[in-house]
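Coming up is one lone chain in structure tokens, specifically the form predicted alone.
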């Protein structure tokens, strides 16, 4: 007996999971037929009729295609919640982002968005701190938190890394992080870096009277990630960084569920391998939703004005989602990072707002007068931007900012 997954009159139920795809069928196949193949493969069907599938089971468990647009190539599919194991991002993705990407009948397929019912969302731990918790730790309210990435990406010793962090902390930067490919290397051992950095971080806090946070990159095999996180906690650190794509969702969930009491800073290195193609893969918005479920407190989302790909509309949609109420999960602090320097701050804040961590790597350490001057220039640009004073005007009495504007010529 053949069954149809296409049901335009279907009204999604409160607890359905709704998935929106952009679909390009292979030659000769209609959009509706391609959508049915997707719905079948991602729920309870397969490539042929099944004698083992009866009408009662089909009606109860099958995916329902309730929206098809030939103009936009968009389809929306409702999945019964019972198809999904609670608290399992891997099982979810094996269903709605699994075999369907390999079918010959589909030329291009992009998972655009997922809408989860509250009952599914609330099974996850979500962020441990959220935006309010992060701001409370720093004591910074109603303005962006200023951050830096140590540069060069790798190459410094633990002692050099710590000294550079101290200089930048002392000159106004709130949070500093390892780069995505710095973990435990022969010339910069993880444990040494943690000890050296935290020692000088405390010195900077004492001298400035302000809370400073360093995000140590614990990325690695899960057992090693746990060891590193425990070490950071033991040494008095407050934040760990995870490359969420390379580590994977199950590792991220497990790390969060250990309840170490550490801020989890999410780096998205590698996401563009499947998010950048507008016709195939999945969106960064989907990644952001999964990261929030898994328990990230801070997440790199894009800059619009920096070196990373991402339109204004796309980055804003992600940031707005991370900040808004989502069932019982705490909101996530967006991070703007990649190709930023002081001259870009007014436009960046104007576009993305104040609930934001703004990271500068080369934009601090590439300053012609050095990293300390770079940190000062960033703080000067932030102060002027928040007061809506033109940077060129503010720079007349602030040499570090003046040099930065001249050097980067923006």
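All of these numbers come straight from a predicted model, not from anything done at the bench. Numbering follows the first chain given and starts at 1.
There is another form of this protein, the form predicted together with a small molecule, and it is not shown here; the text below is about that form.
Not one of 305, 350 and 385 is positioned with any heavy atom within 4.5 Å of the small molecule in the predicted bound form. With the partner omitted here, the stretch from 88-96, 172-180, 72-80, 248-256 that lies within 4.5 Å of the small molecule by heavy atoms in the predicted bound form is 172-180. In the predicted bound form, none of the heavy atoms of residue 193 sits within 4.5 Å of a heavy atom of the small molecule. For residue 279, no non-hydrogen atom is located within 4.5 Å of the small molecule in the predicted bound form, even though that partner is not displayed. When contacts are judged by a 4.5 Å heavy atom cut-off, residue 300 counts as touching the small molecule in the predicted bound form.
In the predicted bound form, the small molecule sits within 4.5 Å of a heavy atom belonging to residue 339. When the small molecule is considered in the predicted bound form, only one residue from 164, 149, 288, 232 comes within 4.5 Å through any heavy atom, namely 149. Comment: the small molecule is not present in this chain, but in the predicted bound form one of 153, 312, 115, 199 has a heavy atom within 4.5 Å of it, namely 153.
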